[in-house]
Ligand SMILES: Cc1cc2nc3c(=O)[nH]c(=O)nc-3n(C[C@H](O)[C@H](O)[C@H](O)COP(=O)(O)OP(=O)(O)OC[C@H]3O[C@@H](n4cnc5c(N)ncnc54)[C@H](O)[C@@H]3O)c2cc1C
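Okay, so here's just one chain, in structure tokens, the form predicted on its own.
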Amino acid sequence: MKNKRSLLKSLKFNYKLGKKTWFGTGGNCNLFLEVNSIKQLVNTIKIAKKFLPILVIGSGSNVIIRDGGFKGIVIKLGGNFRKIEIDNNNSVLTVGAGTKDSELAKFCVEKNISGLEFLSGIPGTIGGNIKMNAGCYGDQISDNLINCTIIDEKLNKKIVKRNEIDFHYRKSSFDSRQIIIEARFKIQKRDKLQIRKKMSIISDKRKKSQPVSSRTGGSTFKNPTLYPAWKLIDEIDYRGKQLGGAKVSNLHSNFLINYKNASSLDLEMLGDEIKNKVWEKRRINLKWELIRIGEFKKV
């Protein structure tokens, strides 16, 4: 009964989903709720999928919610999905998929755990990071991964080992029907001062090279094989370029920012313009790293 009350309490209709993203742009979803357990998650999906599309989100850090919103039900993982635990042998770190990167990085410092310092430089949650194999400064989330617990397309709970997952640069073999609920990582012990030092270096690099104080969603495009995306964008002279309220960051040209009350359409049109210009000049197809969700606003 208590679980039902907490679920109903989190239920919100015509929810301002776009405002909860890092860009702060975009429309509403029909229904939003936060689930706190596997049972709540599975039961919610069983009922909801009969009526509307379902979207599971993290912190909204690498998405553009289009101005027409998402015509469906949005589920956020809370409660038990944000647990962080260490096993009795002190060798395995278990992390709920709804855990924020910053929370895990802080936990690792307190417990002298190394190997995940780079998460302090990535906005997001663990589940989303694994799906896109997030990383920065030479490290990625799949490096120390042992396995994941998922809810599959038939709503069965399943453990997937690291060697059963196909990881590539900024992507994995997980699809939209599979929901990661938990992950386990190898524990590497290290002196706390060394961990703090590495995190401090990452923090300094971010502040100097990324628009951390602006409304942004992280890297706009994946880096092609031969050239970093920012270099290709600089070649077309788009650093600082504006379209409506959207702008290419002066600090890092692979970051779009909500500069002056941008719409999601401003951001997406500016990104597509960059893609077209790079293709015309270099015949290189930039691929979006930002995930674009929902419908365009009807005029």
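Quick caveat: nothing in here was measured; it's all calculated off a predicted structure. Note that residue numbering follows the sequence shown and begins at 1.
Here the subject shifts to the form predicted in complex with the named molecule, a form of this protein not shown in this document.
Checked against the named molecule in the predicted complex, the candidates M132, M199, V109, L145 yield a single residue with a heavy atom inside 4.5 Å, and that residue is M132.
Among the residues R206, R162, R184, K222, the one placing a heavy atom within 4.5 Å of the named molecule in the predicted complex is R206.
Contact annotation for C136: at least one heavy atom lies within 4.5 Å of the named molecule in the predicted complex. Contact annotation for N30: none of its heavy atoms lies within 4.5 Å of the named molecule in the predicted complex. G60 belongs to the set of residues with a heavy atom inside 4.5 Å of the named molecule in the predicted complex. Proximity of G218 to the named molecule in the predicted complex falls within the 4.5 Å heavy atom cutoff. Contact check at 4.5 Å (heavy atoms) against the named molecule in the predicted complex: none of G26, S249 and F296 pass. Residues placing heavy atoms within 4.5 Å of the named molecule in the predicted complex fall in a single listed stretch, namely 170 to 178, out of 84 to 92, 189 to 197, 170 to 178, 224 to 232.
Shown here without the named molecule, the chain has only F255 in 251 to 285 lying with a heavy atom within 4.5 Å of that partner in the predicted complex.
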